[in-house]
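This document opens with one chain alone, in structure tokens, the form predicted alone.
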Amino acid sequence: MQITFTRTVLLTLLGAGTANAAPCERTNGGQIEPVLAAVATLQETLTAPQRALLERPLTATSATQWSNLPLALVPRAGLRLGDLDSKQNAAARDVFAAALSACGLALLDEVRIADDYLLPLDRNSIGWDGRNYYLSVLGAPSESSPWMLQLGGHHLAYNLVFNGTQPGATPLFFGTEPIRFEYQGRSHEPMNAQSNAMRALATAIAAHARARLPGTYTDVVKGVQVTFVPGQRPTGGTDTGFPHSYPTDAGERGVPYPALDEQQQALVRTALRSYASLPGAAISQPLVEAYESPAALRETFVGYSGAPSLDARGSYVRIDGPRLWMEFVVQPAVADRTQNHYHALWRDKQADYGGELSR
């Protein structure tokens, strides 16, 4: 019954067509008062054991316990969305709608539907399932003290900090398998906005010799830490590498933003905003303003590896600023090895986890 509810409700809310195709510059949400009210309403619908799952302390261990791997590979903590009844699901969705932009909410829906699409293909029981997404409130929700809203599962991790030392939108991971698909009579392409923006950027800068990054790329560089042993399931899979180190040599970072023409510079900003528009604007807009300040853009680099068209495995695009770190990579699909899938990551070198774990 729960899986029918999840799929039916999500598809009804999405409507026909691809949910994430709308221009993601249109942001909204993220104001703390509506988020607090939505969280309080959700808490009222929960049983005592469910509240104990939802409410966890804000510590480095709990905050970095996000992953892009399926549930059977990396167990999650928090409140499992697939275990909620219809009233609780509606209340949880109100929390998401208050904290995220319309594009961020659509991405959540689309990524979960992609997992439902993969569910019949899960022959190894690794946990693809739109129900296997978890919500946690880390710390006590407050208008003044730091606390965190953590939402994610396979191919999605929202880590939103309120009242942090810095605006807290990152780390934000998202991915999709398949890249595009038909499901229950509708077309879906969860990362349409981001893939198009990064493709346009990589294609535009490909003529710059400095734009090609050294090395090859099999995944995002600053994601979760995973240990692979041949013949065994991967281990790790959480953000235990935080705080990360970043390239400082200009030769490793791509072409500098000031070396681009106006059209190419505009493509950098469009790609940047396609990621930054996923949290509510009240959360992400201060970060975008910092990233796009003249001083920051003078020290921002963009680069790519592989095919600028993003149609080949190992294709990779990156925007790397004084604070900003955004990656996009093309990988082989897991369910169907003849296909590809995407991973993307947004980090802030100063403000990951709202700056609270760096103090």
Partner chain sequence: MPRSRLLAATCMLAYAAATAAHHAPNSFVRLDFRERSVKAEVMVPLSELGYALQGTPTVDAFPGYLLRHMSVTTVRGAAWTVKVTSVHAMTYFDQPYFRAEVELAPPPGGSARDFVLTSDAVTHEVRNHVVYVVAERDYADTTLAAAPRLLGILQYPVRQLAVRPPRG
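Remember, it's a predicted structure, so these values are computed and weren't measured experimentally. Positions refer to the first chain, counted from 1.
This protein has a second form, the form predicted in complex with the partner chain, left out of what is shown; the following refers to that one.
- Only one of 210-218, 179-187, 137-145, 197-205 lies within 4.5 Å of the partner chain in the model of the complex by heavy atoms, and it is 210-218.
- Remark: Ser86 does not count among the residues lining the partner chain in the model of the complex, judged by a heavy atom distance of 4.5 Å or less.
- When the partner chain is considered in the model of the complex, Val224 lines it closely, a heavy atom lying within 4.5 Å.
- Within 4.5 Å of any heavy atom of the partner chain in the model of the complex lies no heavy atom of Ala37.
- A residue is said to contact a partner when one of its heavy atoms sits within 4.5 Å of a partner heavy atom; Ala266 fails this definition for the partner chain in the model of the complex, lying far away.
- A heavy atom within 4.5 Å of the partner chain in the model of the complex is found for exactly one of Ala259, Ala281, Ala250, Ile126: Ile126.
- This chain is drawn without the partner chain; in the model of the complex, the residue among Pro70, Pro308, Gly303, Gly29 with a heavy atom within 4.5 Å of it is Pro70.
- Shown without its partner, the chain has Val334, Arg337 in segment 328-343 as residues with a non-hydrogen atom within 4.5 angstroms of the partner chain in the model of the complex.
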